[in-house]
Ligand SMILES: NC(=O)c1ccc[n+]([C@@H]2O[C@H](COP(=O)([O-])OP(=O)(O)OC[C@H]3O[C@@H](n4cnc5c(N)ncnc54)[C@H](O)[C@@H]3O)[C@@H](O)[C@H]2O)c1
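Just the one chain here, the form predicted on its own, laid out as structure tokens.
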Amino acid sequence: MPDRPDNVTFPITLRYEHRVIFTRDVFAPDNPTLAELLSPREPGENVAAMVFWDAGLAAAFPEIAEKISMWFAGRSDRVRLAAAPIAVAGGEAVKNDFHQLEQVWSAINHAAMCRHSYIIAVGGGAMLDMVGFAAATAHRGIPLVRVPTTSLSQGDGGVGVKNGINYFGKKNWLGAFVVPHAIVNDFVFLHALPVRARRCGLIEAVKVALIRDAKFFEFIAQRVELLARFEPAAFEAVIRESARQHIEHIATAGDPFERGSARPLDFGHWAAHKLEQLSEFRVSHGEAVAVGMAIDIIYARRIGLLPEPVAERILDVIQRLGFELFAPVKEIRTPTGRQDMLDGLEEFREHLGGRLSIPMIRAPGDRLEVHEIDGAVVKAAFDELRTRYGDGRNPGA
């Protein structure tokens, strides 16, 4: 008999499998990848699925909706397409429009989807975030299969467990942590991207290498010229390893749902998120992360945390990949012309739960958490970026 019968406690232990599958041409008639994932919950059950796809894909893949429908038609004995594939706007704007979320909810409701059904989201990171949040909240959770189509989402944003939309003018204020049923990285999508979009996945690969794996950073540095021109073998290898590093960290670092304050995968992101907002998202996430990482690298050098030769080498690799390290800031067009991103620190603190915890590095693969940031040094780092790169020149181009 317990001493306090009014206090009953039982532990709840849940087991998740976080998986990413690499393939080519996932909707080709003879590709079985999805069919193997869309398994019935009960024996003999006919599985229902809905597909939402990023409207931006139509430029490079004009027949994608028809191709998806034909793939399901060839497997109608096992899985039923509950509605014709639905196009959804892509890009960060989709996360700023609550009406888009309501439309996805409405489509799910109209198709009578249930928790034994599957939602398949095909698109870039922002679209995956929005549809993922819709799936997470419909019926309190319909299994989601993500099919990321950008380098950024295949190597980073699309392989995580976070879903969300922007609210109150703040990035990802509304959202949920849900382990997707599976992630399918289809390399065919990568090579059809515009140059700007292809490049963005590379900066997140640099980020995860810097905070986790010095050997991976060397792999990138030794192939920087190949990566700058997107040589297929090198490009795919880096995206594949970036995805693996991200899911390994999520699965093994002990805080997949971010209950604590540390967010090591967000190295360079406190400034990046603010830059995106101030530019009204004209600056892409990858471009903002490049600037944010540069600020933190110069900050770390200025406080004696990061040796100057190491800092310069990292900045050189980022530049040679094609990133400009100040020019994106010029996209900020506020009435006052203010370009101070220090407000991002307070928003980052709030998002973490109260305690500021900024990931920094002492060397590639050697990370630590910093709980106090000197605003004057941040301003000095920002001013140095302006002085060094303010005309938009890219010395590595």
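Bear in mind that the values here come from a model prediction, so they are computed numbers and not experimental data. Quick note: we count residues from 1 along the sequence shown, nothing fancier.
Unshown form predicted together with this ligand; subsequent notes refer to it.
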Within 4.5 Å of this ligand in the model of the complex, do 226, 292 and 320 each have at least one heavy atom? no
Exactly one stretch in 301-309, 103-111, 235-243, 122-130 has heavy atoms within 4.5 Å of this ligand in the model of the complex; which is it? 122-130
As a check of understanding, the residue in 193, 87, 136, 81 with any heavy atom within 4.5 Å of this ligand in the model of the complex should be identified as 193
Which listed residue (91, 256, 143, 175) meets the criterion of a heavy atom within 4.5 Å of this ligand in the model of the complex? 91
Residue-level contact is defined here as any heavy atom of the residue lying within 4.5 Å of this ligand in the model of the complex; does residue 274 satisfy this criterion? no
Residue-level contact is defined here as any heavy atom of the residue lying within 4.5 Å of this ligand in the model of the complex; does residue 267 satisfy this criterion? no
Evaluate residue 180 for contact with this ligand in the model of the complex, applying a 4.5 angstroms cut-off between non-hydrogen atoms, and reply yes or no. no
If we define contact as a non-hydrogen atom of the residue within 4.5 angstroms of the partner, is residue 162 a contact of this ligand in the model of the complex? yes
